[in-house]
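One chain comes next, on its own, written out as structure tokens in the form predicted on its own.
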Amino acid sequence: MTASYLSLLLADGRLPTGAHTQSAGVEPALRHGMRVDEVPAYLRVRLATVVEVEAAAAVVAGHVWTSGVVRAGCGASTVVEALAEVDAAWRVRTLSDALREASDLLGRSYLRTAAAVWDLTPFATAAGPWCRAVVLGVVAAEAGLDAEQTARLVAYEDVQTVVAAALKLEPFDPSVGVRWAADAAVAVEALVSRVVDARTTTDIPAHSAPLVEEWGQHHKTSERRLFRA
């Protein structure tokens, strides 16, 4: 299989990774007053903050896996230890435990599915939890995707998750959602250019989106919700 084909496979929302249970924060955002017509702006904010952090972490994880690098910046002696450093770097940049838990859930599901296709030893048998960014970075690297394709995969998947969730929560003309996803391409490519050269944990940015994280915390304890996060 070619990398292009595999990137389509990994970005497919029908891949059994549990992504359908996530709204990328759009459900709590709508519940806390964001209008549907503000979804494009919400996408741009995510791509410039939390998604960029995740994409950079995925790119670094992919580099560690591909090169067999035994150091990701501070003293790791094995690939798994180096990946654990990448995982920790993502966690200290994600203050909301609700968002971290959602990422761990997706990472676990993604790893279980991918390990059935590719040999991810010793990563697949190492103790977790692993955030989604690290799992996706390793899987993408094992599948032959380069850093640019990996970053684009992370960003594109987030765009599609937001648009799909918005459609379920506040139904509107689906063609509008397609236009929003197409319009987001400029922000996606800008993100790719910013993170494509990330190689160590110090290259992972520390952007935050306080309101997105606050909404995620409220959503965690909400008794009326369609999505887990």
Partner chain sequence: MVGSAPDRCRIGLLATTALLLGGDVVELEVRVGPGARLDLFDVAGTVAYHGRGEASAWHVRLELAAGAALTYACEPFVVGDGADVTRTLDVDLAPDASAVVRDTVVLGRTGQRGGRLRSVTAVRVGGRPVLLEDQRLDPDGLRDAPGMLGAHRVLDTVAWLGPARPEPTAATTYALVGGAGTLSRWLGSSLADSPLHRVDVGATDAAVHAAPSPAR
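Residue numbers count along the first chain shown, from 1. Keep in mind it's a predicted model, so treat the numbers as computed, not measured.
Keep in mind that the form predicted in complex with the partner chain is missing from the display, and what follows is about it.
request  = Check each of Glu38, Asp197, Asp173, Asp183 and return the one that places a heavy atom within 4.5 angstroms of the partner chain in the model of the complex.
outcome  = After the contact test, the surviving option is Glu38.
inquiry  = Taking any heavy atom pair closer than or equal to 4.5 Å as contact, tell me whether Gly13 reaches the partner chain in the model of the complex.
reply    = The answer is no: Gly13 has no heavy atom within 4.5 Å of the partner chain.
ask   = Does the 4.5 Å heavy atom contact test between Thr49 and the partner chain in the model of the complex come out positive?
value = Contact check for Thr49: yes, within 4.5 Å of the partner chain in the model of the complex.
ask   = Val45: heavy atom within 4.5 Å of the partner chain in the model of the complex?
value = Yes - in the model of the complex, heavy atoms of Val45 and the partner chain come within 4.5 Å of each other.
Residue contact check: Ala164 to the partner chain in the model of the complex, 4.5 Å heavy atom = It does not: once the partner chain is placed as it appears in the model of the complex, Ala164 has no heavy atom within 4.5 Å of it.
query = Pick from 103-111, 120-128, 140-148, 84-92: which stretch has a heavy atom within 4.5 Å of the partner chain in the model of the complex?
reply = Result for this chain: 84-92.
query = Even though the chain is shown alone, can you say which residues of 194-215 have a heavy atom within 4.5 Å of the partner chain in the model of the complex?
reply = Contacting residues: Ala206, His207, Ser208, Ala209, Pro210, Leu211, Val212, Glu213, Glu214, Trp215.
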